[in-house]
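Here's a solo chain for you in structure tokens, the form predicted alone.
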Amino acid sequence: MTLSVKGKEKANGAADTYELPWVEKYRPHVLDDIVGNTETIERLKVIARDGNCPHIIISGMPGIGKTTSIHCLAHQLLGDAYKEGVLELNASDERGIDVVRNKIKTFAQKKVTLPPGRHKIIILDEADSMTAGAQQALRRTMEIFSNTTRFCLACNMSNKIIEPIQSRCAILRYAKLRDAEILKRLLEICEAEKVQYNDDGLTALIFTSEGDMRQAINNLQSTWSGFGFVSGDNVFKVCDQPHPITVQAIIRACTKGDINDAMDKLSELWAQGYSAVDIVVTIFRVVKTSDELPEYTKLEFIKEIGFTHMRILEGVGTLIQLGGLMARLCKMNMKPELLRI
């Protein structure tokens, strides 16, 4: 993956007069610049080269490059005709049956001069939030105008798109970005923007992003703007998540069966104003990546954390619920004879 930062800054002439968000400033413009999901991107490159674009559904987590991939593909297919040959509708737009019958149909019928062998492209972002009725109206439109128009749908969950549309499309699934891929892009941006950082800061950005490139870049810019230095502590202040070191101390106390120490540290986090969801999610991520816990213990811990997370999401987000989790985790590491009355 190559990133020509200087070229991008020239392309963004406005960047001299006002500061663009780094997410937009360093958004890839060609498929070669996209990070991660190499095999899937290679398939899109073949489509861009040959020009015969099928209807496409791209599904995956937020912030991993779905919409950007479609835009890059459209730019490479249509070149200068991009503005005339592409219609983009986002979840923020009205996308009921009327829009499908009027706006999309009108665009599909429109005569546009395109490079030979190319098609008009309709991009439906967040397609899983379209109503079932609109999707039903869309499926016939896709068939009638398939000679001139191709549809590209981006969604978080492909199972929310009705099966008739799924069967008409090539489905590409994007996985979460790997830590090394996020780190590489962050280092490139740090170098371009002269950002001062330490290794803890980058580790914290990767930890808080959870495979979401957009989140990682936004957090990097927020930390740099707010503190002028990207360190671990500064990142967790900006992201407002419990510090993993505090959570590690809670887990260590639980592995020793020391309920008093675990509850003290938990109460400390609670007093800082973190919600039960924040705490339980961070506990899960720390346990999942921990090297100190044996495999069997890790599995048992994750099972208990999962049940607690489920209860919290159902609405029981109290300190008592988290205290119960601490007690169960401590109980696993205590000798059974100590529990007899």
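Just so it is clear, the structure is predicted and the values come from calculations on it, not from any experiment. Heads up: residue numbers just count along the shown sequence, starting at 1.
Not pictured, yet referred to below: the form predicted in complex with a small molecule.
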For the small molecule in the predicted bound form, the stretch among 67 to 75, 199 to 207, 244 to 252, 259 to 267 with residues bearing a heavy atom within 4.5 Å is 67 to 75
May I ask you to choose, among Val238, Ile161, Leu177, Ile123, the residue with a heavy atom within 4.5 Å of the small molecule in the predicted bound form? Leu177
Exactly one of Thr148, Ser129, Asn156, Ser231 comes within 4.5 Å of the small molecule in the predicted bound form through a heavy atom, and that residue is Asn156
Partner contact for Ile217 in the predicted bound form: the small molecule, 4.5 angstroms, heavy atom: yes
Does the small molecule come within 4.5 Å of any heavy atom of Ala48 in the predicted bound form? no
Proximity of Met213 to the small molecule in the predicted bound form, heavy atoms at 4.5 Å: yes
Answer yes if any heavy atom of Pro62 is within 4.5 Å of a heavy atom of the small molecule in the predicted bound form; otherwise answer no. yes
